[in-house]
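Just one chain is shown here, as C-alpha coordinates, and it is the form predicted alone.
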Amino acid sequence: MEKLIITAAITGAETTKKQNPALPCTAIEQAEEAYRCWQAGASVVHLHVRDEKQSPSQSVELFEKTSQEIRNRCDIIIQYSTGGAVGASIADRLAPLNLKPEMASLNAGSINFGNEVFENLPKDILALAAKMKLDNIKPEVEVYDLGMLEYAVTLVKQGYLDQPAHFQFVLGTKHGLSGDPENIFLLRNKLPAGSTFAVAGIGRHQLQLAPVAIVAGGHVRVGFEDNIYFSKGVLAKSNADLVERVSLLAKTLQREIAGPAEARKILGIT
(Lines give C-alpha, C1' and ligand atoms only; values in the text may rest on other atoms or scores of the structure.)
Protein backbone atom coordinates (compact mmCIF):
# COMPACT_ATOMS: atom_id res chain seq x y z
CA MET A 1 0.00 0.00 0.00
CA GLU A 2 1.23 3.52 -0.79
CA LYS A 3 2.38 5.74 2.02
CA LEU A 4 -0.33 7.99 3.47
CA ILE A 5 -0.67 11.58 2.28
CA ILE A 6 -2.14 13.88 4.92
CA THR A 7 -3.60 17.18 3.73
CA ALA A 8 -4.18 20.07 6.13
CA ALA A 9 -7.06 22.37 5.11
CA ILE A 10 -6.08 25.05 7.57
CA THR A 11 -8.51 27.94 6.98
CA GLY A 12 -11.26 27.48 4.39
CA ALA A 13 -13.73 30.15 3.29
CA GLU A 14 -16.50 29.78 5.85
CA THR A 15 -14.90 29.18 9.26
CA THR A 16 -14.42 32.26 11.45
CA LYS A 17 -12.28 33.19 14.44
CA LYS A 18 -15.52 33.59 16.38
CA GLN A 19 -16.09 29.87 15.87
CA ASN A 20 -12.49 28.98 16.71
CA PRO A 21 -10.03 31.71 17.79
CA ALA A 22 -7.10 29.56 16.58
CA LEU A 23 -8.15 29.93 12.92
CA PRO A 24 -5.13 31.20 10.92
CA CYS A 25 -6.06 34.15 8.67
CA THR A 26 -3.01 36.31 7.95
CA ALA A 27 -0.18 35.16 5.70
CA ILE A 28 2.12 34.76 8.69
CA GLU A 29 -0.48 32.85 10.71
CA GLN A 30 -1.16 30.52 7.80
CA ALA A 31 2.53 29.96 7.09
CA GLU A 32 3.30 29.16 10.71
CA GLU A 33 0.31 26.82 10.88
CA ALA A 34 1.36 25.10 7.64
CA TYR A 35 4.82 24.60 9.13
CA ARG A 36 3.38 23.06 12.31
CA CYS A 37 1.17 20.77 10.22
CA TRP A 38 4.20 19.72 8.16
CA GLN A 39 6.06 18.91 11.36
CA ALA A 40 3.06 16.83 12.49
CA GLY A 41 3.01 14.76 9.28
CA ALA A 42 1.13 16.73 6.60
CA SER A 43 2.64 16.76 3.13
CA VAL A 44 -0.04 19.00 1.53
CA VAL A 45 -1.61 22.26 2.68
CA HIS A 46 -4.94 23.22 1.11
CA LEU A 47 -4.90 27.01 0.89
CA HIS A 48 -7.63 29.64 1.02
CA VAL A 49 -6.58 33.20 1.82
CA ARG A 50 -8.25 36.00 3.80
CA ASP A 51 -8.08 39.79 3.43
CA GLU A 52 -7.41 42.33 6.19
CA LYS A 53 -11.01 41.98 7.37
CA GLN A 54 -10.59 38.18 7.58
CA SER A 55 -13.01 37.76 4.67
CA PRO A 56 -12.32 35.08 2.04
CA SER A 57 -10.39 36.39 -0.95
CA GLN A 58 -9.08 35.22 -4.30
CA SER A 59 -6.42 37.93 -4.37
CA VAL A 60 -3.43 36.80 -6.42
CA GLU A 61 -1.19 38.99 -4.27
CA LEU A 62 -2.39 37.32 -1.06
CA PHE A 63 -1.93 33.83 -2.52
CA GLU A 64 1.57 34.78 -3.65
CA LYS A 65 2.53 36.33 -0.30
CA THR A 66 1.18 33.43 1.73
CA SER A 67 2.77 30.84 -0.55
CA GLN A 68 6.17 32.52 -0.20
CA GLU A 69 5.85 32.63 3.58
CA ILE A 70 5.04 28.91 3.59
CA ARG A 71 7.94 28.06 1.27
CA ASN A 72 10.29 30.04 3.51
CA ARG A 73 9.46 27.58 6.28
CA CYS A 74 9.03 24.15 4.68
CA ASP A 75 8.70 22.13 1.47
CA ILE A 76 5.04 21.20 1.95
CA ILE A 77 2.98 20.92 -1.27
CA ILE A 78 0.75 23.99 -1.59
CA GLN A 79 -2.68 23.23 -3.05
CA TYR A 80 -4.71 26.30 -4.02
CA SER A 81 -8.46 26.37 -3.64
CA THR A 82 -10.28 27.33 -6.83
CA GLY A 83 -13.60 27.16 -5.00
CA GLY A 84 -13.09 30.46 -3.25
CA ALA A 85 -16.15 31.56 -1.32
CA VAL A 86 -19.70 30.81 -2.46
CA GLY A 87 -20.59 33.36 -5.14
CA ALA A 88 -17.04 34.11 -6.32
CA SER A 89 -16.80 34.61 -10.08
CA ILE A 90 -15.01 32.08 -12.24
CA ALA A 91 -12.52 34.80 -13.29
CA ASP A 92 -11.59 35.38 -9.65
CA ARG A 93 -11.38 31.64 -9.02
CA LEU A 94 -9.06 31.17 -12.00
CA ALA A 95 -6.75 34.10 -11.27
CA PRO A 96 -4.50 32.54 -8.56
CA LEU A 97 -3.65 29.68 -10.92
CA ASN A 98 -1.46 32.15 -12.81
CA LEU A 99 1.01 31.62 -9.96
CA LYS A 100 1.29 27.97 -11.09
CA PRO A 101 0.95 26.14 -7.79
CA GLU A 102 1.83 22.45 -7.70
CA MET A 103 -1.79 21.49 -7.00
CA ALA A 104 -5.28 23.01 -7.05
CA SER A 105 -8.76 21.85 -6.19
CA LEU A 106 -11.26 21.22 -8.98
CA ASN A 107 -14.89 20.94 -7.89
CA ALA A 108 -16.79 18.52 -10.10
CA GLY A 109 -20.29 19.96 -9.79
CA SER A 110 -22.70 22.27 -8.03
CA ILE A 111 -24.07 21.60 -4.56
CA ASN A 112 -26.18 23.31 -1.90
CA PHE A 113 -24.18 24.81 0.99
CA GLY A 114 -26.65 25.82 3.69
CA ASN A 115 -29.12 28.12 1.95
CA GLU A 116 -26.73 28.96 -0.88
CA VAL A 117 -25.65 27.15 -4.03
CA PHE A 118 -21.96 26.47 -4.59
CA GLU A 119 -22.12 26.79 -8.35
CA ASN A 120 -19.77 24.87 -10.63
CA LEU A 121 -21.15 24.98 -14.16
CA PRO A 122 -19.75 22.50 -16.70
CA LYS A 123 -18.18 25.30 -18.75
CA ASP A 124 -16.41 26.63 -15.67
CA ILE A 125 -15.19 23.18 -14.64
CA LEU A 126 -13.72 22.73 -18.12
CA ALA A 127 -12.08 26.18 -17.97
CA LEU A 128 -10.41 25.33 -14.67
CA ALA A 129 -9.35 21.91 -15.93
CA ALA A 130 -7.87 23.43 -19.10
CA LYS A 131 -5.88 26.01 -17.13
CA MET A 132 -4.49 23.33 -14.82
CA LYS A 133 -3.53 21.14 -17.76
CA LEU A 134 -1.86 24.05 -19.58
CA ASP A 135 0.23 25.04 -16.57
CA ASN A 136 1.00 21.50 -15.32
CA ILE A 137 -0.97 21.97 -12.10
CA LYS A 138 -2.13 18.71 -10.50
CA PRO A 139 -5.91 18.80 -10.01
CA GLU A 140 -7.54 17.33 -6.95
CA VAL A 141 -11.07 16.55 -8.14
CA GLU A 142 -13.52 17.35 -5.35
CA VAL A 143 -16.46 14.92 -5.28
CA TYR A 144 -19.53 15.44 -3.10
CA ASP A 145 -21.85 12.86 -4.61
CA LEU A 146 -21.91 9.94 -7.03
CA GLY A 147 -23.03 12.03 -9.99
CA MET A 148 -20.03 14.32 -9.61
CA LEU A 149 -17.69 11.35 -9.62
CA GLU A 150 -19.23 9.85 -12.74
CA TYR A 151 -19.01 13.22 -14.50
CA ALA A 152 -15.36 13.56 -13.49
CA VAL A 153 -14.59 10.04 -14.73
CA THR A 154 -16.06 11.10 -18.08
CA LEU A 155 -13.68 14.07 -18.12
CA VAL A 156 -10.77 11.69 -17.56
CA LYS A 157 -11.93 9.44 -20.40
CA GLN A 158 -12.32 12.45 -22.70
CA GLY A 159 -8.83 13.71 -21.91
CA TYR A 160 -9.76 16.87 -20.02
CA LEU A 161 -8.07 15.41 -16.93
CA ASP A 162 -4.80 13.53 -17.18
CA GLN A 163 -4.36 10.04 -15.82
CA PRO A 164 -3.65 8.97 -13.19
CA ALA A 165 -6.20 11.33 -11.69
CA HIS A 166 -6.51 12.26 -8.02
CA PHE A 167 -9.93 12.53 -6.38
CA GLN A 168 -11.15 13.68 -3.00
CA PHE A 169 -14.39 12.39 -1.50
CA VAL A 170 -16.02 15.14 0.58
CA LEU A 171 -18.50 13.35 2.82
CA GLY A 172 -20.98 14.58 5.38
CA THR A 173 -21.91 18.04 4.05
CA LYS A 174 -25.65 17.29 4.60
CA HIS A 175 -26.35 18.07 0.93
CA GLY A 176 -24.18 15.43 -0.76
CA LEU A 177 -23.22 11.92 0.22
CA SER A 178 -23.35 11.30 3.95
CA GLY A 179 -20.47 10.34 6.22
CA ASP A 180 -21.46 6.67 6.10
CA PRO A 181 -18.15 4.75 5.75
CA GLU A 182 -19.72 2.59 3.03
CA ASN A 183 -19.70 5.64 0.74
CA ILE A 184 -15.90 5.54 0.61
CA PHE A 185 -16.06 2.10 -1.01
CA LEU A 186 -18.97 3.08 -3.26
CA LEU A 187 -16.91 5.90 -4.73
CA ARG A 188 -13.55 4.11 -4.69
CA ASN A 189 -14.95 1.27 -6.77
CA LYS A 190 -15.88 3.65 -9.59
CA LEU A 191 -12.48 5.29 -9.95
CA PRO A 192 -10.48 4.93 -13.16
CA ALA A 193 -7.63 2.42 -12.91
CA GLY A 194 -4.53 3.84 -11.30
CA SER A 195 -6.31 6.76 -9.64
CA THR A 196 -5.57 7.94 -6.12
CA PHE A 197 -8.14 9.26 -3.67
CA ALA A 198 -8.41 11.11 -0.39
CA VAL A 199 -11.26 11.50 2.07
CA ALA A 200 -12.40 14.73 3.73
CA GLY A 201 -14.97 14.12 6.42
CA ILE A 202 -17.03 17.12 7.54
CA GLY A 203 -17.49 17.83 11.24
CA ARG A 204 -17.59 14.70 13.38
CA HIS A 205 -17.09 12.58 10.26
CA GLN A 206 -13.50 13.81 9.97
CA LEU A 207 -12.30 11.54 12.75
CA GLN A 208 -14.73 8.71 11.99
CA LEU A 209 -13.74 8.39 8.32
CA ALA A 210 -9.97 8.86 8.68
CA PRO A 211 -9.17 5.30 9.83
CA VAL A 212 -11.47 3.87 7.13
CA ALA A 213 -9.64 5.86 4.46
CA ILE A 214 -6.28 4.74 5.83
CA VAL A 215 -7.07 1.02 5.68
CA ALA A 216 -8.91 1.39 2.34
CA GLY A 217 -5.78 2.67 0.63
CA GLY A 218 -6.90 6.29 0.47
CA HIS A 219 -5.41 9.47 1.83
CA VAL A 220 -6.81 11.85 4.45
CA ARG A 221 -7.66 15.54 4.77
CA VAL A 222 -8.18 17.22 8.12
CA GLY A 223 -8.32 20.81 9.30
CA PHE A 224 -10.40 23.77 10.39
CA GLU A 225 -11.99 24.19 6.95
CA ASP A 226 -13.98 21.03 7.62
CA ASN A 227 -13.97 20.64 11.40
CA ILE A 228 -13.04 22.94 14.29
CA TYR A 229 -13.36 20.39 17.11
CA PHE A 230 -10.90 17.92 18.57
CA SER A 231 -13.65 16.03 20.37
CA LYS A 232 -17.34 16.60 21.03
CA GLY A 233 -17.74 20.13 22.36
CA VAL A 234 -13.97 20.67 22.65
CA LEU A 235 -12.38 23.06 20.16
CA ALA A 236 -9.14 21.96 18.54
CA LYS A 237 -6.21 24.12 19.61
CA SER A 238 -4.61 23.99 16.17
CA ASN A 239 -4.80 22.32 12.79
CA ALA A 240 -1.56 20.59 13.70
CA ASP A 241 -3.31 18.76 16.54
CA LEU A 242 -5.75 17.28 14.01
CA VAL A 243 -2.86 16.28 11.71
CA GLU A 244 -0.95 14.71 14.57
CA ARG A 245 -3.95 12.59 15.53
CA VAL A 246 -4.17 11.15 12.00
CA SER A 247 -0.42 10.53 12.04
CA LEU A 248 -0.83 8.52 15.24
CA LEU A 249 -3.77 6.63 13.73
CA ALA A 250 -1.65 5.74 10.70
CA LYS A 251 1.15 4.46 12.89
CA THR A 252 -1.30 2.39 14.92
CA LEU A 253 -2.70 0.93 11.69
CA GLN A 254 0.85 0.33 10.42
CA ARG A 255 0.69 2.57 7.38
CA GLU A 256 3.70 4.80 6.79
CA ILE A 257 3.26 8.53 6.27
CA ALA A 258 4.50 10.22 3.09
CA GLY A 259 6.71 13.26 3.20
CA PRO A 260 6.28 15.96 0.52
CA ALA A 261 8.78 14.39 -1.90
CA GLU A 262 7.09 10.99 -1.57
CA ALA A 263 3.66 12.60 -1.95
CA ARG A 264 4.76 14.25 -5.19
CA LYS A 265 5.81 10.87 -6.55
CA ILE A 266 2.54 9.21 -5.50
CA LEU A 267 0.46 12.01 -7.07
CA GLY A 268 2.57 12.29 -10.20
CA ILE A 269 3.54 15.90 -9.57
CA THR A 270 6.46 16.86 -11.78
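One-based numbering along the sequence shown. Fair warning: this is a prediction, and the values are worked out from it, not measured in the lab.
Form predicted in complex with a small molecule: not shown, discussed below.
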{"query": "Per-stretch contact check against the small molecule in the predicted complex, the hit in 145-153, 79-87, 173-181, 193-201 (non-hydrogen atom, 4.5 angstroms)", "finding": "79-87"}
{"query": "Contact flag, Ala13 vs the small molecule in the predicted complex, heavy atom cut 4.5 Å", "finding": "yes"}
{"query": "Non-hydrogen atom contact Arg50 with the small molecule in the predicted complex at 4.5 angstroms", "finding": "no"}
{"query": "4.5 angstroms heavy atom contact with the small molecule in the predicted complex for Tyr160", "finding": "no"}
{"query": "Exercise: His46 in contact with the small molecule in the predicted complex, heavy atom 4.5 Å", "finding": "yes"}
